[in-house]
Each structure stands twice: as C-alpha cells, then as structure tokens.
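Before any questions on binding or motion, here is one chain by itself as structure tokens, the form predicted on its own.
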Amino acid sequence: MAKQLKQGCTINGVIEFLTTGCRVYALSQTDSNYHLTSDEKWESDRHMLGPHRPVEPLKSILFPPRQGVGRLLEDAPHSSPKPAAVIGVKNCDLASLKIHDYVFRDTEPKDPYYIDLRNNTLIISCDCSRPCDVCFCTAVGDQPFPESGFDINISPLPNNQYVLESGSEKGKKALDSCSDLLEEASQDAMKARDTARKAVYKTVEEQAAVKGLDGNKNYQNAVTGSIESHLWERFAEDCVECGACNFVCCTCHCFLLADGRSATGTSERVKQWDSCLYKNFARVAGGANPRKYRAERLYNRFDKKFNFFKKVLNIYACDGCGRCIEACTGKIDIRDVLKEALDEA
C-alpha cells in the first residue's frame, strides 16, 4: 500500500526515523556532482535523495573496493556487520543487484561477506527526477524509477510531497513502524507520481535516441555479430587500460584475492576489485594470455555484458547509468560502441 506524508510531517523526519541505529549512506552534493557519503546518521542539512544517481555505484557498499577476508594461519571469527541504510538509490544501481546477487549470493561458492552486508542493509530507493545527460537506461530495458528490488522507494512530488512504497517484508515493517508520520496515498498523489515518471522516462528515451539506441535493439546480436569487426581495434586505440569503466560500473564484479601484510604487520588476505581491461587480467600461471591484445579485452567486456548475462539471466549487465562515459580517460562512449556494433552486425 502506497503512503504519503501526513500534514505537518517532513520527509527528513521519516528518513531519520527509518534509519535510527543504522550507519547511513546518502547523497551529498559537490558542485554539480552527487556523491555517496558515509555518516553515523541522516543529516538533513547536507544529505538528500538526489535527482539522479551519484558518482559512486551502490556496489561500493555491498562489494567494497578492498575488503579483508581473514588473517593467514589464524582462525579469525566472522562477525556480522552493523545495520546500515542506503538512501537515494536509483534504479540503475538497484537493477545491478540482480547481477551481484547471482554472482555472490545465489550460486556456489557463496560469499558470506556480501550476503551479510546485503542482509544488514536497508535499501531506500528514489525515482530519478532529473537524469544525467549520459543516462540511457530505457535503451537497455530499464527505466528511471524502481519497480522492484528495493525495501522502500520514495517518489518525489511537487510541493515537497512524496509517495512511499515498500518492496519487501523488511521495508513493510519499517514503514509500519512510522505509521504516525504517514497516511494512505491519495489518487491525486499517485497520478502526480505517474505523470512525473512518464516525463523523466521520455527525457531518457530521447537522449538514447540521439545516439541511435532504443529498447527494441538487440545488443546481444550486435556484439556477437561484430566480433570480427575492426571497430574493436578502433575504439581500443583510445583505451589507456586504467580500469575506470570497470570500477564505476554498477554491475562489474570481477575481483582478485591478494595475500600480504596489513598496516599492523599481520599476514592478511584481501578481496579487491579487478579490471578485465588490465593486460594481465586473463593471464594464467604458465604465462599464457588468451586476451593479450587490448581490442580482445575491450570486446570481452562487451561480450560479458551483452551476451553472457543475456544467456544466463536474460538481462544485460549494463543498466545505462552512463558512469563509464564520464569516467573514461580515452573518451570512449559505450553508446557509440553499441551503435557501431548495431550498424555492422
């Protein structure tokens, strides 16, 4: 059942109530960018729901860039993380959890660190109200508002009104706990929400169309059908193998395990992000490298996103967030690569 604020109540008051006792991850604005920041509590003077996704992907919380997974030669007990809440999650990040859940939670071997963080984190998502100019989620089968996968979703409306919905049992219990602040959403509120969503969807759709992309295109056939094309060499000429596209991507999940010394001198094993565009990413112990050329690594990145996961989960491992476009040092635009692949295939 959708809810809205009671007269005299504020969204800040509701969020403060919902996140009591939780470590809070929320959006803060720096110049024209929004960043995902970590704090002890929700601070209404600097935290916000945000009009679009932040620079940092949601995976940085549930699948940290560097995570200790045990000390060597020691039986260190595994302790559960403290409760956390992420506020302002946009649908591109929310949709990426389907990939991470499949990799770390739903298939063997399961990752207990990811599962614990997932179970102990309340996800409060929010509709996009002003998408980035690089967003193209509608072209890959998504939309700029959540429909599932959240615990609670907040839809901003005019005049500082909001529609709140639960998407899980955890979210329902959380909303029920603050029933004094909420009431059933009116038909006018629901209509206003739907109108706002349609407007933002159209904006993203038009942005994608400028690049020749739309939701009816078959990117799986485009990528597999262009495997022999020289387009991969052409785009690879601009790649500097920095790995930025992998690290800001909301779905990328490759990692390596490294053994070494911690700051205190103890032997420790850590799990840290890896990049499929690194030269030695696919190198095996004997020294052979099945993808020693940059163009092969670039193609592999697209094949994994638009072919492998389409076969495995029937979804693309790209949610159209556009972060890789902003982060790429070589100015490679994933939309341009897909358009050329479509044309050549």
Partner chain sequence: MKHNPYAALPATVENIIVETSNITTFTFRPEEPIPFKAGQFVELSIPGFGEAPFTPSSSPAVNDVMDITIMRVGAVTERIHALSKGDTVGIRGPLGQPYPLDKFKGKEILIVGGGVGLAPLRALFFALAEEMDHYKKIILRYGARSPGDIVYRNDVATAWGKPKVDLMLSVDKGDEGWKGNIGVVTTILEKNKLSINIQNSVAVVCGPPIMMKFATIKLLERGYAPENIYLSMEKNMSCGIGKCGHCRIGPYYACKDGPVFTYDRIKDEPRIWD
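Quantities reported herein were computed from a predicted structural model and do not represent experimental measurements. Numbering follows the first chain given and starts at 1.
This protein has a second form, the form predicted in complex with the partner chain, left out of what is shown; the following refers to that one.
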Only one of Leu256, Ala199, Val240, Val210 has a non-hydrogen atom within 4.5 angstroms of the partner chain in the model of the complex; which is it? Leu256
Only one of Arg294, Lys310, Arg283, Lys41 comes within 4.5 Å of the partner chain in the model of the complex by heavy atoms, so just point that one out. Arg283
Any idea which of 294-302, 47-55, 30-38, 313-321 reaches within 4.5 Å of the partner chain in the model of the complex, heavy atoms considered? 294-302
Taking 4.5 angstroms as the cut-off for heavy atoms, does Arg269 touch the partner chain in the model of the complex? yes
Taking the partner chain as it sits in the model of the complex, is Val103 in contact with it (heavy atom to heavy atom, 4.5 Å or less)? yes
When the contact criterion is heavy atoms within 4.5 Å, does Pro158 count as touching the partner chain in the model of the complex? no
State yes or no: in the model of the complex, is some non-hydrogen atom of Arg261 no more than 4.5 angstroms from a non-hydrogen atom of the partner chain? yes
Going through 96-118, which residues have a heavy atom within 4.5 Å of the partner chain in the model of the complex? Please give them in sequence order. Val103, Phe104, Thr107, Glu108, Pro109, Lys110, Asp111, Pro112, Tyr113, Ile115, Asp116
